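Here we start with a single chain on its own, the form predicted alone, put down as structure tokens.
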């Protein structure tokens, strides 16, 4: 995807062969999952596979090819967008230790020490959810998306012919001072539920797109990032590595290239233990962690 040379997939290059093999493996795995679901019975779990395989009153049963493509797109989009978004959340928390401290306190108060985490727990993580939303404002992984003009339209004084592709730069819009006062500041209180923050007007905030084609995985990604943030900050204190130089990489969704973070186990008193250094990865980026 990041190659500057675009050649047909049938062109005999090693990377093309890898893509073809990977696509076949993914399609085979999804087909096997669909076959197993038909064997054990549909409707048992209510998950996305069940939803897509259920006939609808308007369209009947979807073709298997459409189900496979939808599942593949959802898997890939949910991994890439959530991983990049989570990386930016971690980056901002290392830059704002006081906010990180309050997020950790909220997680400790809301999440159970053991046992399952439910949607009710997620709904009580109000500060963490605002942190996630503000990080996605400054650093939307889907930083630009396209729309096609269906009929001649006048937009901003320009006449757009039918079929024109319009690129919508969410990154630029979400950093525009007309919609967000002090737009470069990381301020989760913009999103206070009582409306006292500087809430964005409709369509000025669109990290998942907007309108009928809004990302179908939006709710899933928000839940995933919010719970991951709460669990991480409850367990660890996050600090930037002295070697870190974070650079936005727009090649496959906006991701924090070069993100390096030091992790220290968080004690009940809020102090951190000076523990041996180990390596690892976070949101597709290298990290340095201190762990037992």
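Residue numbers count along the first chain shown, from 1. Bear in mind that the values here come from a model prediction, so they are computed numbers and not experimental data. Rigid core: the largest C-alpha set superposing within 1.5 Å between the two forms.
Keep in mind that the form predicted together with a small molecule is missing from the display, and what follows is about it.
Query raised in the report: Does the 4.5 Å heavy atom contact test between residue 110 and the small molecule in the predicted bound form come out positive?
Result: Although the small molecule is absent here, residue 110 would stay clear of it in the predicted bound form, with no heavy atoms inside 4.5 Å.
Query raised in the report: Wondering, does residue 171 line up within 4.5 Å of the small molecule in the predicted bound form on heavy atoms?
Result: Output for residue 171 is no: heavy atoms all beyond 4.5 Å of the small molecule.
Query raised in the report: Quick one: does residue 183 come within 4.5 Å of the small molecule in the predicted bound form, counting heavy atoms only?
Result: The answer is no: residue 183 has no heavy atom within 4.5 Å of the small molecule.
Query raised in the report: Closest heavy atom of residue 77 to the small molecule in the predicted bound form, within 4.5 Å or not?
Result: Close contact exists here: in the predicted bound form, residue 77 approaches the small molecule to within 4.5 Å, heavy atoms only.
Report task. Work out which of the listed stretches, 120-128, 201-209, 157-165, 93-101, brings a heavy atom within 4.5 angstroms of the small molecule in the predicted bound form. Result -> Contact-bearing stretch, as computed: 201-209.
Query raised in the report: Would the small molecule in the predicted bound form be within 4.5 angstroms of a non-hydrogen atom of every residue among 141, 213 and 216?
Result: Yes, the whole candidate spot contacts the small molecule.
Report task. Establish whether a shift of 2 Å or more occurs at the C-alpha of residue 99 between this form and the one not shown, with the two forms superposed on the rigid core. Result -> No; residue 99 is a residue whose C-alpha shifts by less than 2 Å between this form and the one not shown when the cores are overlaid.
Query - Core-aligned CA displacement of residue 244 at least 2 Å between this form and the one not shown - result: After core superposition, the C-alpha of residue 244 moves less than 2 Å between this form and the one not shown.
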